[in-house]
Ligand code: NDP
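Below you will find one chain, with nothing else, as structure tokens; this is the form predicted on its own, and questions on how it binds or moves follow later.
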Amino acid sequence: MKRNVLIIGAGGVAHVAAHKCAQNNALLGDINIASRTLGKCQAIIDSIRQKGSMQQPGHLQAHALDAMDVDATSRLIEATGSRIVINVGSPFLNMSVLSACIRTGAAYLDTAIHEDPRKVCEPPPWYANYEWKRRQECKDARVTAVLGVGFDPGVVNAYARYAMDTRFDRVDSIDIIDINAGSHGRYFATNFDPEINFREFVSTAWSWENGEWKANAMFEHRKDWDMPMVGKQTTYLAGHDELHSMSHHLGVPNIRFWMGFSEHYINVFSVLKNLGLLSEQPVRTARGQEVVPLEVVKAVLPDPASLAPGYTGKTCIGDLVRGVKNGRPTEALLYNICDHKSCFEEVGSQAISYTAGVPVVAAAMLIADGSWDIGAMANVEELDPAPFIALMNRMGLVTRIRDAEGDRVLDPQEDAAQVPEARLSAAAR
């Protein structure tokens, strides 16, 4: 059993992850939080104490850390006795933190693909550019590394795997639909790190069509969906992390990612992009100062964590899976509904951070109890999804399914009783 957690990062997702670790510290043990800004880590600890989130009395400490420094990160892992590292800092940190985990033998978790700050939208599949090159190192060191275990990527990968294991003989398409039907009341803001958010949408929108990569322009393809609780919503085809592993592992010919955007968001985004303010490349001002336009935009926009107190409405994120069962066409929507106000009342966050922070802690708990402690690198769809979904149901992210039988809470235990092979995922096979 692995115990003691080091959380790297102090943003909105780290805030949720720390609260959820505290709520489950009987299993997870000591909790340490590290980032470049010690005060942000301490603010999370203060919030945990204010909310009374600790399951039982235990160790809770803040640390200052430059996580790009592999030696410093390794020393902190060893000094804190951490056996599980939850990396919810910038995706620019992934390779450095992974290196420290391989060096120290600690399990590694993240919620997004690694990015090079100087590059945007590298050739697909993105995981092959960085993470998958370290597979053998993880295997040789017997280090468990679970990649992209937020909601999307993460939970949506598990939904796809679960649907394939339990509902279909053949899957023809998976449409991942991400809707935020909430309102934060600001003129313009992003729900997580603006720099990372904009980098997703400034270049090619890749989709997986008929077994190959297809390049699309951002906002080129629009589709309206009638989704549970949030109603009819407009989405646009976008590139996203999970496509790059699911296309490799699942053998499904069509996998697409659709994200909801308001006309206002698109208009402001387009102006910023057309002015060159979303560029990741440095420019020199008239006074001779070198700046990165995207970093300047990030500096003037609201901190995503500051949106939480006034956020209202709900998110709806899920997989619409279509294929064949017993020779007949069938479809199933596996999804979650999350309420911004409820998230703030529980842990002081908005729902976007909540949906990313809960799954990574559920994964940490499955590593701690041995269920997912595989001693190798894996994407979520390679692991048994049933205990993951069941655990999240208890932790605040309830999975529902809508199919020919109706709309209901998905219970993996009930499925396992009906379908003996239901929990036999790709990794188990």
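Just so we're clear, the structure is a prediction, and the values are computed from it rather than from any experiment. Each residue number is its position in the shown sequence, starting from 1.
There is another form of the same protein, the form predicted together with the named molecule; it is not shown, and what comes next is about it.
Figure note: of the listed segments 323 to 331, 187 to 195, 247 to 255, 211 to 219, the one touching the named molecule in the model of the complex, with heavy atoms no more than 4.5 Å away, is 187 to 195. In terms of contact with the named molecule in the model of the complex, the residue from Arg103, Arg134, Lys298, Lys314 that brings a heavy atom within 4.5 Å is Lys298. Interface residue among Pro124, Gly348, Gly260, Pro91 relative to the named molecule in the model of the complex, by the heavy atom within 4.5 Å criterion: Pro91. Within this chain, Ile367 is remote from the site of the named molecule in the model of the complex, having no heavy atom within 4.5 Å. The shortest heavy atom separation between Met68 and the named molecule in the model of the complex is within 4.5 Å. In the model of the complex, the named molecule sits within 4.5 Å of a heavy atom of Lys40. Interface membership of Asp165, defined by any non-hydrogen atom within 4.5 Å of the named molecule in the model of the complex, is ruled out. Contacts between 1 to 26 and the named molecule, taken as any heavy atom within 4.5 Å in the model of the complex, involve Gly9, Ala10, Gly11, Gly12, Val13, Ala14.
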